[in-house]
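Presented below, as C-alpha cells, is a lone chain in the form predicted alone.
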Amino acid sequence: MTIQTKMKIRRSGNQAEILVLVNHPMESGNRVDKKNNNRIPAHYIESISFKINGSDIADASLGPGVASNPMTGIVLNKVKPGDLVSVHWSDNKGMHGMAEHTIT
C-alpha cells in the first residue's frame, strides 16, 4: 500500500500557511466489513511533525477518531525564500511518510 503525502504552501510576506494532506484510510478498528462481517483492523496516523530547515516546529498526535485522508495545517511566521519545510508522519502499523517543500 502506497500512501501519498501532499504539501501546499501559501506565502504572504514573511508568513506562510502550510497544509498537508495524507491519503490514509484512518480506520478506527470499530467498523465491520459488510461483505464478510469481519472487523476492519485499526489503521491510523499516530503522529505528524513539522520541521523548518531541520528544526522541529510543531508536533501533533492523531488517532482513530480522525477522518480518512486528514489535512493538517500550521501557520509559520518569519519565513523567507529558501527555507525548507518538511513534514513526517507515522501510523500504528509502522508505516510512515514525508513531504518537503522549499519556500519560494
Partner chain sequence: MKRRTFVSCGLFSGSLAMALCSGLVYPALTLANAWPRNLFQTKSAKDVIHGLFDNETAIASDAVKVSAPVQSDGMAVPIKVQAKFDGIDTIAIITENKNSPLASVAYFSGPVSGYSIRIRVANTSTVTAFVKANGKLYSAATRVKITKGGYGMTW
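Numbering follows the first chain given and starts at 1. Note that the coordinates shown come from a computational prediction; the quantities given were computed from them, not determined experimentally.
Heads up, the form predicted together with the partner chain isn't pictured, but that's what we're talking about next.
Among residues of the shown chain, N38 is not one whose heavy atoms approach the partner chain to within 4.5 Å in the predicted complex. Remark: V32 does not count among the residues lining the partner chain in the predicted complex, judged by a heavy atom distance of 4.5 Å or less. Among residues of the shown chain, L19 is one whose heavy atoms approach the partner chain to within 4.5 Å in the predicted complex.
The closest heavy atom approach of R11 to the partner chain in the predicted complex falls outside 4.5 Å. Contacts of stretch 60-74 with the partner chain in the predicted complex, defined by any heavy atom lying within 4.5 Å, are made by A60, S61, L62, G63, P64, G65, V66, A67, S68, N69, M71, T72, G73, I74, listed in sequence order.
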